[in-house]
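Single chain ahead, written as structure tokens, the form predicted alone.
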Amino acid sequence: MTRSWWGWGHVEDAVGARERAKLVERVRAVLPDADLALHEPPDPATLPVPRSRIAPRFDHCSADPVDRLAHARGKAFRDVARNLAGQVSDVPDLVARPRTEQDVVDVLDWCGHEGIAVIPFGGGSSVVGGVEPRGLAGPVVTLDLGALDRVLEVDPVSRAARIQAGVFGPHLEQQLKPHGLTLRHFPQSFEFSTLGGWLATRAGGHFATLYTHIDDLTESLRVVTPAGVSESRRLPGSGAGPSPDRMFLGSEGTLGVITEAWVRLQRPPGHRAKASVRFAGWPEAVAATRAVAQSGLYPANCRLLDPAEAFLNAGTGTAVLVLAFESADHPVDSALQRALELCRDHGGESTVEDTSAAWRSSFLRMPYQRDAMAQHGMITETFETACTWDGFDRLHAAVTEAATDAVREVCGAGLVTCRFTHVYPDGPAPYFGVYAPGRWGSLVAQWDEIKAAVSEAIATAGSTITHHHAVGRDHRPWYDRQRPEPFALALSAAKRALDPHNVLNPGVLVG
């Protein structure tokens, strides 16, 4: 399989002619005046990639222009739009592929001595500008950890494993399968992201409750910093001061390079039960979802789709709650039945149609379809947050209004949708979608204007600028407002102590 240099996933899995025709037909039905001319991606070998400003120091470094171009950006809409337009600014000078932890140490020593910025790179699936050298004036080395991809040790008694950070999701699970264990962390980017990337961005998985973030599955970390190697002790829990792991989880490569982690495992589930519930109204659907989230039933999936989202991705025009339970130990049918009772209390009706299957299929195809729509000049992108239940109605109204107004002003027309990806007893994680006709050549500027309006609404409402997509460079202005000032001082001090030459992913999280 061949990774796409300009868009999501594998070239062989990209949208084909038949699927593309259906997508275009669907868009024309909603936006008949949209200009849906097709724009093919350029040949990367023909693009004017700037010459490298530094010579390779190690034999694992590459200065190949196409290799550098493929490591220049993540996979957000604005990344795809820039690639399609052939924009090649802000490209790393070298791509380093360390084969051992000592190689990582050597690269950091070299770059620190020479003042060369280093951007750690896992699978490159960032959607917030976390892996691109945007705004960096000097030379840059991208540190691709893909060669560090082994499960080094399994502790079946404690159900944990020591795993190198560069391993991609499928290869990780493949190595655990002979032991009868699984990490069971499945973000949408699972196939194209790495354990180190999940840890560095505090990634959220597919499951809606309980162990939703990689934080919950982390037992200890090993991190290479310019100031030395940090390795925390393996423990199920500890009250010994602030957690050293918590300092590096979510640090996005600014404090050090995660090379290994001990992670908590589980047995694969053998018991499953699922259902879909329709609601006549959105408020009733939200109330039912809250009841399930606060019931202590802890479904593996509790994904609420508003009518527009349900129509686009599951073929139904009412709000739909997709429920699923699973266990490796015991039957879960009674838990599902109790959840359905709670939904009926709010007017929900369970359906015989397998909406969950339709949703899952659409969920996995979304990034590929987004890329196809970008080729036709469509702005198709998402933004996510989290809030408390008592503040959700205000947040939903404010964000929907801000997004709708911005889409109307920037694009003339469009659609704004909402779904819940995760739910907690004290609040949901709303995930909004924008579908609007863009102008070829102006897609990035249009999206940036919409994104800024929405981000401002989220920040003003007191919600988080990101629930599971990290900060990167895109969210930085609003992250600076969200974090407490004393914490900002402490984070800056940690950055100076661990990275005295300020070479690790400069501009992300701290100045």
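One rule holds for the numbers: they count along the sequence shown, beginning at 1. Predicted model only: the values in this text are computed from it and were never measured.
Omitted here: the form predicted together with another copy of the chain. The next part is about that form.
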> Quick check: do 297, 459 and 497 each get a heavy atom within 4.5 Å of another copy of the chain in the predicted complex?
Replying inline: yes
>> Just to confirm the contact call: exactly one of 29-37, 66-74, 48-56, 470-478 touches another copy of the chain in the predicted complex at a 4.5 Å heavy atom cutoff, so which is it?
In response: 470-478
> From the list 229, 152, 364, 147, which entry has a heavy atom within 4.5 Å of another copy of the chain in the predicted complex?
Replying inline: 229
> Of 81, 372, 386, 399, which residue is found within 4.5 angstroms of another copy of the chain in the predicted complex when only non-hydrogen atoms are counted?
Replying inline: 386
> Is there a non-hydrogen atom of residue 210 within 4.5 angstroms of a non-hydrogen atom of another copy of the chain in the predicted complex?
Replying inline: yes
>> in the predicted complex, is there a heavy atom of another copy of the chain that lies within 4.5 Å of any heavy atom of residue 201, even though the partner is absent here?
In response: yes
>> My question is simply whether residue 282 lines the interface with another copy of the chain in the predicted complex - judged by any non-hydrogen atom within 4.5 Å.
In response: no
> Just to confirm, residue 194 within 4.5 Å of another copy of the chain in the predicted complex by heavy atoms?
Replying inline: no
>> Under the 4.5 Å heavy atom criterion, name the residues of 478-497 that approach another copy of the chain in the predicted complex, in sequence order.
In response: 479, 481, 482, 484, 486, 487, 489, 490, 491, 493, 494, 497
